[in-house]
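In the block that follows, a single chain appears as structure tokens, in the form predicted alone.
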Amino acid sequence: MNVLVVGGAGYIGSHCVRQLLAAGHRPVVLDNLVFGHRAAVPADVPLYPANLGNEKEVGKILRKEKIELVMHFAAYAYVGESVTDPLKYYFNNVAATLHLLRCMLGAGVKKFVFSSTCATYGTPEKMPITEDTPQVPINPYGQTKLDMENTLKALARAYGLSFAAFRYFNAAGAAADGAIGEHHDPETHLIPLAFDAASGVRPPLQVFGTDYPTPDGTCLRDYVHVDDLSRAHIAVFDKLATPGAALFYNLGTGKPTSVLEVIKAVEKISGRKVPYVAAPRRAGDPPALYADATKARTELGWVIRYPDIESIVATAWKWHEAHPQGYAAP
């Protein structure tokens, strides 16, 4: 299929572009390059540096490229910033997505794959988290994603839009060949921050909370490889052939890993010590978040190829060693 990858120059989107090519599809990238990187997009993949609010331009792209399905990754995702600047998040994550969906329906494109998040669940009372766990977001970022999930359900009923919403846990890792990887500015993800601390590029890593009711006192999270995430998005395509399909899937390994376990994995793979300091808990950080992804495995045949933290860290380290400054010019 001809697939428009919105945010296809970003971390997860760019990995999905490569997986689409490997699966025989034709990706087209739409990315305003505010956070995305042109270098992350293969040279032979069309790249349109457009904004979603420009409906005239987006509509032209959909028609010109004969787009049959849209994958949407272009969201702001800094939880803390969403608390201090919620308007920014509602404009981008909700309003801009509504512009995109209106363009799609106007162009007759009714297949949509949406990047959602486990942040829609807030602080669940039980682990692991299933798709039926109550969704009670505790920050505007999670709320904007839930708002779009509810919007998509309404569009499915009213217009026959078929969609899949994937609720990610902690995306991590890099392409196996080291060609593309994770480069955020500012960087907030644990693994690249640990690499930089080990390399002396940043100060010692801050471990937020060492007194949680977990085996080693640090938070437990579910780290899932970015290529595993990407393949799940493609595995759902056949199910979107049914008009009005409304599908929701958790994407995680189901294996909780602590902050200290991530640090140990980084030290083992890199051969370098990760200096760190204990810091107070961050407000709103639950002790544990990990997925029950049985639904994705059974309905989509989704197979996790990177089931443990060391295999994930190894791919991330390969990218980091080859690109110590990320996509920035040396």
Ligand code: UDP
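One-based numbering along the sequence shown. It should be emphasised that the depicted structure is a prediction, and the values quoted were computed from it without experimental measurement.
Below: the form predicted in complex with the named molecule, not depicted.
J.: Among 128-136, 228-236, 206-214, 159-167, which stretch has residues whose heavy atoms lie within 4.5 Å of the named molecule in the predicted complex?
T.: It is 206-214 that comes within 4.5 Å of the partner.
J.: In the predicted complex, does every one of L190, V259 and R282 come within 4.5 Å of the named molecule, counting any heavy atom?
T.: Affirmative, all three are within 4.5 Å.
J.: In the predicted complex, which of the listed residues (I180, C219, L146, V109) lies with a heavy atom within 4.5 Å of the named molecule?
T.: The option sitting close enough to the partner is C219.
J.: May I ask you to check whether Y223 falls inside a 4.5 Å heavy atom distance of the named molecule in the predicted complex?
T.: The answer is yes: Y223 has a heavy atom within 4.5 Å of the named molecule.
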